[in-house]
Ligand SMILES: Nc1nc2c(c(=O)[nH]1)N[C@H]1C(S)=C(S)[C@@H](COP(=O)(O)OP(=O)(O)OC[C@H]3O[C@@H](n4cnc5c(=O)[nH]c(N)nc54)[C@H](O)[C@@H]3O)O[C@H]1N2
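Shown here is one chain on its own, the form predicted on its own, set out as structure tokens.
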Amino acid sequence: MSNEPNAENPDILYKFHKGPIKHKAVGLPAIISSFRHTFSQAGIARSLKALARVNQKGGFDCPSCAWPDPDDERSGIAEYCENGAKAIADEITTKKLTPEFFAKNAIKDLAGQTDKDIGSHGRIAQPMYLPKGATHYQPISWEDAFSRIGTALNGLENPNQAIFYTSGRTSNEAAFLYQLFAREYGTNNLPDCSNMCHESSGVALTESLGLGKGSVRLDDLYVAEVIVIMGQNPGTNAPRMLTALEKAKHNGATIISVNPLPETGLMSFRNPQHVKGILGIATPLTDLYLPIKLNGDMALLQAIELLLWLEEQKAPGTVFDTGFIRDHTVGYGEFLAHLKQIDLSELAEACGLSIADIGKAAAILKDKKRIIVCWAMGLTQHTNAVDTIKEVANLLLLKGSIGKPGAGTCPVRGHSNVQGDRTVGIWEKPKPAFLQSLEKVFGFRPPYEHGYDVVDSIRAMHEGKASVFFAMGGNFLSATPDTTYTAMALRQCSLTVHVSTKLNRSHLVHGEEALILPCLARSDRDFTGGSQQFVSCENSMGVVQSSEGILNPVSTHLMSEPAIVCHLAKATLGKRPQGSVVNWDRYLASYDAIREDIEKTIPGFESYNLRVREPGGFYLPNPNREGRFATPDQKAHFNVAKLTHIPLESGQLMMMTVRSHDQFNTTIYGLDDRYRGVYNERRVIFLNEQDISEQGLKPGDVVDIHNDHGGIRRTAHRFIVIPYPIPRSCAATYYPETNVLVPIDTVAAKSNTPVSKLVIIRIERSV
């Protein structure tokens, strides 16, 4: 364990203030919050210049969520949301961390700060190095930094002792080079943030429909008859989605929202791009809200399917799309046999809803074909997540709601290029066809055995099987489960390296030696190779478009992510007797060369350099959109899944981790969650009023939260009790503060995703 108290999770409480729960999202308060945060970080002129070009054609891609931009005209007022503006403010800030900052601040002191305070110090201005046994980071030249990394990597007995993590912010170009380097180095240890969020979606959709991505375009939402939103809070996590939902509502769509919390953004939207929105006039969004119990989604879906089947018996061929089922699917008979023997009352009890409310959802879907189901982490981070998402596919297949306008699957990705990273090769389980293509294009034989995903990487470091950890972006410690266990794993390493823009907790919980390599941000001009370069990203709906920075970097000592990978490869592979077969200097001269080789290696990127320069970019191939299924038998597959029961002992609760409105992933912008009425605090636990009473507590009490999975006591200290409209036996807390409670070995079947949306807890008054 660390001798630095609270280095993983300081239990600092602020002066908490409880306000009313909001019933309308966005509007004037969002505009004020956006500009206040942005101007305070970068000044008016720099802020307005950046905001005017974010998500615009020919501009730069927002570094926060992966919600797609409109294919046609984009808003000249603001093609971004409140959290997008805050993310941009974070990276365009003029605050910077010089060597003097690190000389004045010991790691132990920085680690005692909250995540918000750590991130508020500013941009890291030059490479920093922590020698073994040192208490302070010190400056280091780029040349010496790469030399140390290369020496460490070449000194390992086996390439699989190194781990190369990727965050979703990394561009297509950087990610392709990164995986190319790792595989020429000799490992498939390429965990990424997908492993912790939508891995379950990728597995489920690939097995059921043949493609691990969603099937809809943004325009499909505008013509959908029904949109079902499950396990997602778009008002905080993808606020620009609200504009699409508003347009869908105006076009006649019915929206069903399924979520344990009645999130403001699901209910009512004040569009800040319209005068009436600024004046506070809102568009109601949700027509039917279903306050489901944690992990009740599969039960709800099966109950809806059962009720639809009963209606199908009354008028055969009018509820189910029997022609589509016959021509495009397999497994319908087995699925139907399973459905017939399920007890509706049992399903209703499992999801915590009345049969009458479930019936309302079935009635809405009964006569509709243009149905879209959207979902996020509320579905993906459960032990049965893959089967639950396959149940989403089952429902859509029954209705023939895939491969037609206004219908299909819509997993809403979190980080801005997490889908693109996977497309260009960031995956610990690469397909043989991809590896064969690499071998053909580059002339080396990549490793074919699977590498470590995130959970396996943490275990490998903890057990001493891996000793060099390299992170391309992200805040690995705060994003991962079982924080204390993960911290111990990182401290087992001989070297930890982080490519970063700003300081985060992962820099402060480190290996024997540590390096921070400061990189350019999306908004920064990149003059690698002597001329201005651009990169590209893929959004949630498969559009690849360019992203070109427009601001002068805050320091001359920053390096682009593609350049960092090239220099890393030269310092590592170039020092081997056989050298490297890849011409890394060619990529340093022009990013066009990177895209040329992506085009040669990966299907769908034909004429990459030409098409990515077109305003708005281009769509990657998506057979599901065309009603085709790239499974081995070219058919969509119905899935049969048995309901799982979660018995609770007396005093136990089910807890899910959520974001506040003042954060994106692990980046904390502020301490307010105004939609939920929480101000100046993050260490809070939302509970049903009856559960508060049964626990012998009252609102405002400070409690410790415990998880005892596997006989190990995990504790998150000092959380304030807040009554909230959440189902009985359920609780919600913010992450990363309660990631310490998520057991490392509680994962989703098949996807190995940590189960952050259902943690069994007990609470007791804090002493």
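In case it trips you up, residue 1 is the first one in the sequence shown, and so on. Worth saying up front: this structure is predicted, and the values here are computed from it rather than measured.
Quick note: we don't show the form predicted in complex with the ligand, though the next part is all about it.
Contact here is defined as any heavy atom lying within 4.5 Å of the ligand in the predicted bound form, and by that definition each of 295, 500 and 659 is a contact residue. Screening 104-112, 443-451, 133-141, 474-482 for residues having heavy atoms within 4.5 Å of the ligand in the predicted bound form returns a single hit, 474-482. Using a 4.5 Å cutoff between non-hydrogen atoms, residue 236 counts as a contact of the ligand in the predicted bound form.
With a 4.5 Å cutoff on heavy atoms, residue 705 does not count as touching the ligand in the predicted bound form; it lies far away. Among residues of the shown chain, residue 414 is one whose heavy atoms approach the ligand to within 4.5 Å in the predicted bound form. Under a 4.5 angstroms non-hydrogen atom cutoff, the ligand in the predicted bound form has residue 663 among its neighbouring residues. With the partner omitted from this view, the residue of 378, 420, 214, 191 that lies near the ligand in the predicted bound form is 378 [heavy atom within 4.5 Å].
When the ligand is considered in the predicted bound form, only one residue from 382, 595, 183, 510 comes within 4.5 Å through any heavy atom, namely 382. In the predicted bound form, the ligand lies within 4.5 angstroms of a heavy atom of only one residue of 559-587, namely 561.
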